[in-house]
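Take a look at this one chain, the form predicted alone, written out in C-alpha cells.
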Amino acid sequence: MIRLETSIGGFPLLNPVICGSGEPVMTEAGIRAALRAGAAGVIAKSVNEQPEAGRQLDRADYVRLDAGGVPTTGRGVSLFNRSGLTQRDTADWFAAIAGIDREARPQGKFVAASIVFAGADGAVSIAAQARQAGLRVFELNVGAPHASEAAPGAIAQETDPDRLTGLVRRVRAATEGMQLWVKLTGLSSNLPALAIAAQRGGADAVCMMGRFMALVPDLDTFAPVLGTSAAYGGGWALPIVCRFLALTRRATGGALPLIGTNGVRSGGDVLRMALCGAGAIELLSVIMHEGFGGLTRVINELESFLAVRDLTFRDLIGRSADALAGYAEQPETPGRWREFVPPETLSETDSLA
C-alpha cells in the first residue's frame, strides 16, 4: 500500500503503525503475530540491567477501564496496570529478536530492542549488546511511568534536558549504525525541551509520550484498584499527546522525526497524531483489548480513509501542527461565553446585553 508508506528520518516504513513494547510481544510468537497482523515493526518487550525490574513482572497486574475510568469485565477503552520487564537473559532475548528482524527485513519490516532506563552505564552496555546482536533499531525509554512506584533503582525517568543529552550521547556512541529512538515521559510539561535535548545527543527520533500514573478508588471496597497506583492511558490522552507533538514540531522546525504514542485506538487516531507531526505511531493497548487483529483493523481504517480521499499518509504529516495559532491571533467574539453557561448565570440585563 504505497499510500501508507512513511519513514522515520532515513528509516523507511511500509506503514506508520508500529507495535509498541509490552506483554503481547514478550515472546517470539507474539512478535511474529504482530508482524503478521500488518505492523510495520515491533518494539520488543523491554529489558534493563536491574534484576528487580524483571522480578516486578511477578507482581504485575492489569484491569480494563470503561470510558468513565471504572473497571469493567468487557473490552474496555483504557488499560490500568503495573508491569515489569522481561525475565529473559538480555543476550538470549536480543539474539532471538534479531533473528526475527532478519526474517522481517526482506518484507520491509523490523523488530527493535528496547530498554527501560535505570542507569546510564546499564543503558550503554545493553545498547552495545543490541548492536552486537545485529539489531537495526534501539529504543531508549527514559519515560516509563512506573519509575516512582517500582523498587528503588529498578527503573528511572529522565526529565532534565542536560542530563538527557549526555545520556543519549553515550548511547548513541554505543549504537553507531543503528536507529536510536528516545521515548519520553508523559509526566513532564517540558517535552519540547527534552526532545531537543535528545536530538542534541544524537537521537534519530523521539517517541512521545509515556502514560500517566493514576489512582482508581473502588467504590465497593473503598480500596485502591489493584492496591496501588498504576499506569493509565487511553483515548482521553490523545489530544494531550497531539498538542505536545505539535509544540515539539514547532520547537524543532520539523527537523526531528516524531513518533506518537498513547491513546491511539483507530485509524482516525493515527491520522490525528500524523496531522500534529508524527511520522509513525506506536500502539499496544489496542492489542490488550482486542488481540492482534486490532492492529489489522487500525491499518485498514487508515488505508480506507486515505484511499477515499486519494491522499497519502505523508501528505498529512504536520498539517494541523503547522496551522496551530495562539489565543491572541484569534478573532474577537464578544459575548460568545454566554452561549455556554446556564440561563441562571445571566441577569435580565445581562440577557439583553
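Remember, it's a predicted structure, so these values are computed and weren't measured experimentally. Numbering starts at 1 and runs along the sequence shown.
What follows is about the form predicted in complex with a small molecule, which we do not show.
Judged against the small molecule in the model of the complex with a 4.5 angstroms heavy atom cut-off, the residues Gly22, Val116 and Glu282 are in contact without exception.
A single residue from the set Leu316, Met288, Ala37, Leu306 has any heavy atom within 4.5 angstroms of the small molecule in the model of the complex; that residue is Met288. The small molecule is not drawn, but in the model of the complex it has no heavy atom within 4.5 Å of Arg170. Remark: Ala154 does not count among the residues lining the small molecule in the model of the complex, judged by a heavy atom distance of 4.5 Å or less.
Although the partner is absent here, Arg249 sits far enough away that none of its heavy atoms falls within 4.5 Å of the small molecule in the model of the complex. Under a 4.5 angstroms non-hydrogen atom cutoff, the small molecule in the model of the complex lacks Leu194 among its neighbouring residues.
In plain terms, the part of the chain that comes close to the small molecule in the model of the complex, with a heavy atom within 4.5 Å, is 73-81 out of 73-81, 214-222, 186-194, 157-165.
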